[in-house]
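The chain that follows stands alone, in the form predicted on its own, written as structure tokens.
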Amino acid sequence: MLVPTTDTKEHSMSENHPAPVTVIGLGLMGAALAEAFLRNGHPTTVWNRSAAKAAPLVAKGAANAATVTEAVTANALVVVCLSLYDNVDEVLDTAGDALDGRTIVNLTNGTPRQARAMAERATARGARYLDGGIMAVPPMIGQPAASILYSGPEDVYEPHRATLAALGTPRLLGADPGLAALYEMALLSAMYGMFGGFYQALALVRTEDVPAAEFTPMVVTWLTAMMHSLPRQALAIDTGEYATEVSSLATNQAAFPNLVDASRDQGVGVRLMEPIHALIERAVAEGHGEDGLARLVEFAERP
């Protein structure tokens, strides 16, 4: 039987007494979060709309709350990981007054606007609130390579930093609750852009029966070499100094049609390439042909 803990005092983690925690939401990521807490010795209470998902965690020592209110009142620290912010709002509404004095750490994927609105609603209910962004896939949770971004007041984050470190490497970005979501969306944008180029490359070579696994090591080597230019490009963007002796926008404008034509000649679609091509054309048309590719960030900022 679950015995709720009514003490709302902030808990800190010690070697002998890891702090207790509640995890709400047991999808692939939520279950991974709960398992990481359990592995690190944290007494862990779980709740999920579909109670059957709690069974594997209960077998590993978790306590299964029968209701959201029971889950929230069980511990001072409540970690939420659901599909949508609307789901979070619905669940926290169900908890009602039980939120008062609790620290809610919301690791649900969302936008900065949603995070700021959720922070207002949570604090209006008497809770302390942190928003978060998980830069990892479920198998990475609990490892240092899993980066977990947080945003919110430092005095809310710091008492729980050691406990949250069980999930991966924590990083507080600032007091604005929308920052974690902003960084997460930006990092995911970089990831999807890279994946898009990778998929276009594979589509091209597969037209000549080149196996993806055979070609991919060359992609890794090439992209790794190109990534060394990113700090230099970032400096150009921050300073507004876009002059280059490496590869100008005019040079790329001249070469880019070959990428498009090669794809079409091979019977491959060009939708993944069109957006970057359009940005290059705009930049050159506005007189920036001698600048480096980093200039494109200014055009991405202007819809």
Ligand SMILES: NC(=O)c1ccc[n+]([C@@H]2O[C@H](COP(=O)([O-])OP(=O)(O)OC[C@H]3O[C@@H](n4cnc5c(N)ncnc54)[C@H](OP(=O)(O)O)[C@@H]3O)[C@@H](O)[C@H]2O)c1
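Everything numeric in this text was worked out from a predicted model, so none of it was measured. Don't overthink the numbering: it's just position in the shown sequence, from 1.
FYI, the form predicted together with the named molecule isn't displayed, but the following is about it.
Exactly one of the stretches 114-122, 165-173, 210-218, 85-93 approaches the named molecule in the predicted complex with heavy atoms within 4.5 Å, and it is 85-93. Checked against the named molecule in the predicted complex, the residues Leu249, Leu57, Met29, Ala36 give one hit for a heavy atom within 4.5 Å, which is Met29. When the named molecule is considered in the predicted complex, only one residue from Leu130, Ala127, Ile134, Leu77 comes within 4.5 Å through any heavy atom, namely Ile134. The three marked residues, Arg49, Lys53 and Asn109, each reach the named molecule in the predicted complex, with a heavy atom inside 4.5 Å. Put simply, Pro153 is far from the named molecule in the predicted complex: not one heavy atom of it is within 4.5 Å. Though the partner is left out of this view, Gly101 does not reach within 4.5 Å of the named molecule in the predicted complex, counting heavy atoms only. Using a 4.5 angstroms threshold between heavy atoms, Gly292 stays clear of the named molecule in the predicted complex. Interface membership of Pro138, defined by any non-hydrogen atom within 4.5 Å of the named molecule in the predicted complex, is confirmed. The partner is not shown here, and in the predicted complex the stretch 199-228 never reaches within 4.5 angstroms of the named molecule through any heavy atom.
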